[in-house]
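Quick setup: one chain, the form predicted on its own, written in structure tokens, and binding and motion questions come after.
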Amino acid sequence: MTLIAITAESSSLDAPVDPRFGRAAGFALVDSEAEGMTWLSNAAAATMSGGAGIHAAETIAKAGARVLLTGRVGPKAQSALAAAGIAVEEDCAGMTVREAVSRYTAKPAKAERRP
């Protein structure tokens, strides 16, 4: 099992991927081997004046995510994610959560991974 966190604009598998990481509305948490999802709100980070990316990285790390699918991650958040051992796949903007997960699970060896 790999827990995948996807930045999302709302709590649905058909929601658009939020292109932002730190200020995303929340995270869809999807088990790579099971159906369904769990919603993890990111409301606290969205109102922070700074450090939202690091806070978001800590939030998904505490939830047990090992992979992040998103639009773009800033350099400080990228470092926090790497320290937590979370692989990152960017360029998911314009997809739904379901499409991003399907792309990730269909081509895991070819996807960009930066733990």
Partner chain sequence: MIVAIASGKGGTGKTLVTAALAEVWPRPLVAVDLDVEAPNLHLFLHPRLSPPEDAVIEVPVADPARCTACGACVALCQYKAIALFGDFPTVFPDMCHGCGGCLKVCPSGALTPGSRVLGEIMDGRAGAIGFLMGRLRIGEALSPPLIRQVKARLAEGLAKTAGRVDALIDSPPGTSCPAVAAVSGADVVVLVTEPTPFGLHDLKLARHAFAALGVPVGVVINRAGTGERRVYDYCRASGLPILAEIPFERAIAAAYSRGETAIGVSPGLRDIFDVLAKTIRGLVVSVKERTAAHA
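Only a predicted model underlies this, so the values are computations on that prediction, with no experimental measurement involved. Residue numbers count along the first chain shown, from 1.
The following text describes the form predicted in complex with its partner chain, which does not appear among the structures shown.
Q: Within 4.5 Å of its partner chain in the predicted bound form, do we find a heavy atom from each of E58, S79 and A83?
A: Yes: each residue has a heavy atom within 4.5 Å of the partner.
Q: At 4.5 Å between heavy atoms, is M48 in contact with its partner chain in the predicted bound form?
A: Taking the distances in the predicted bound form, the answer for M48 is yes, it comes within 4.5 Å of its partner chain.
Q: Check I54 for me: does it contact its partner chain in the predicted bound form (non-hydrogen atoms, 4.5 angstroms)?
A: Output for I54 is yes: heavy atoms within 4.5 Å of its partner chain.
Q: Using the arrangement in the predicted bound form, list in sequence order the residues of 20-42 with any heavy atom within 4.5 angstroms of its partner chain.
A: Read in sequence order, no residue approaches its partner chain (within 4.5 Å, in the predicted bound form).
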